[in-house]
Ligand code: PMP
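A lone chain, given as structure tokens: the form predicted on its own.
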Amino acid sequence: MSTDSRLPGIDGASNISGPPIDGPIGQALWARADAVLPGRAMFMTRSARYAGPGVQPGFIDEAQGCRVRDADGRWYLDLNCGNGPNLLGYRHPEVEAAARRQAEQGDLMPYFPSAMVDFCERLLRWGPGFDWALPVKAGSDATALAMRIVRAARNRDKLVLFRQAYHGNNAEQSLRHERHPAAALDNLYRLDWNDPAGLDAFPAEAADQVAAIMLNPIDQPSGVPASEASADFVAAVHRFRARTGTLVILDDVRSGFRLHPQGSHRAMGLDPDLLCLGKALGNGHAVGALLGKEPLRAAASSILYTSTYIYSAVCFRAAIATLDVYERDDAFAVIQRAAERLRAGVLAAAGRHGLDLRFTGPATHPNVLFVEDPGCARGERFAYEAARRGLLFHPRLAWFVSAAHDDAAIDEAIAIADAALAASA
């Protein structure tokens, strides 16, 4: 895809028939941002403009639990969850207390913080079946590092990925390729998702050059229905591994902690060699991780990889607290129950108004789209009408549910969605 192609939402005409959600302060911030920041494709999925002109508030200044406040002071019930990181609730008191205690002692200090060892040990207790852990700052770091490790381990350059699967922001993984040397993408094969026959038919002479296959638990591009990996597809991944000696990387950055309490691979029936984590791991604190098997320890040890802010003791302590609360409170079950109630309520409301709305993917982080909605015009109107009434969700990106979405919040979300569906019908 070239950089001069039109971008959904950002380049489209407005599909709303009222004032923008941003108030005067938000609108002034947009003017200031446009003067100092490159925009459009840059930050695309984090920009409110990707939801459509005026559909969502552009600037959020405060968050608590499952609610956020925009720059103009208006509060909303939030189903974005920061695009995934809000797992337990914004500013969860125990997570923030752990971060604050560490901050009072120091954060970025010389050499390793002891919190890093505690963090890695805690991760391995959470994710049995892995033997070592590497801290990173973000999901993109975890996936990029995983690609380097498998290439070093197998002494092969090629990797198999799937069409439209997002794995990070580096040039090789990006779904939007600016001008760069043509050979930069020569080591990637992009196959069709959920196609066991296609994977089985991958030519042996090419497969012998493949270091690893990297996949998400769910194919969840923006603006289209989500598709979970089928049992037949996972079986084909197993066959591909057995036939070629290829390693398996699971990118669990988006779905981690929302598909299974011990990692999405458990729900899939997959035993990956490397597991990439990010987003929800720190409940909003900037931390990610790569978990690996013993045979890959030497390859990981051979790679020069470091970055100043990896070693944030504050983020390690926040992540440890997140894992502790998540397991103690059975947060996965709490989130699953809330998500299923939300899905049932919103679908019932859509049915009452004669609208064909679909939830695809898992209830905890679904793609919610109207059928026969080219350009997502109806979805934009639905999101706008909901935002006017105090509920935030993205018309193109996944919704997310957190452990802070209690029964009262879910009831409120359903009621607002009902009114918004009526207004946009």
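Bear in mind the structure is a predicted one, so any value in this text is a computation, not a measurement. A residue's number is simply how far along the shown sequence it sits, counting from 1.
One more form of this protein, predicted in complex with the named molecule, exists but is not displayed; see below.
- No atom of the named molecule lies within 2.4 Å of a backbone or C-beta atom here once its pose in the predicted complex is superimposed on the site C-alphas of this chain, so the site counts as open.
- Shown here without its partner, the chain carries Asp219, Gly361 and His365, none of which come within 4.5 Å of the named molecule in the predicted complex through any heavy atom.
- Put simply, Gly139 is close to the named molecule in the predicted complex: some heavy atom of it is within 4.5 Å.
- Taking non-hydrogen atoms only, Pro135 never approaches the named molecule to within 4.5 angstroms in the predicted complex.
- Mapping the unseen interface onto this chain, Asp251 counts among the residues with a heavy atom inside 4.5 Å of the named molecule in the predicted complex.
- Interface residue remark: Pro113 is not counted as part of the site for the named molecule in the predicted complex, having no heavy atom within 4.5 Å.
- Stretch-level contact check against the named molecule in the predicted complex with heavy atoms at 4.5 Å: of 327-335, 308-316, 235-243, 139-147, the positive one is 139-147.
- The contact residue chosen from Tyr76, Tyr90, Trp126, Tyr166 relative to the named molecule in the predicted complex is Tyr166, the criterion being a non-hydrogen atom within 4.5 angstroms.
- Taking Ser227, Gln209, Asn83, Ser174 one by one, only a single residue has any non-hydrogen atom within 4.5 Å of the named molecule in the predicted complex, and it is Asn83.
- Annotation for 44-62: the only interface residue with the named molecule in the predicted complex is Arg46 [heavy atom within 4.5 Å].
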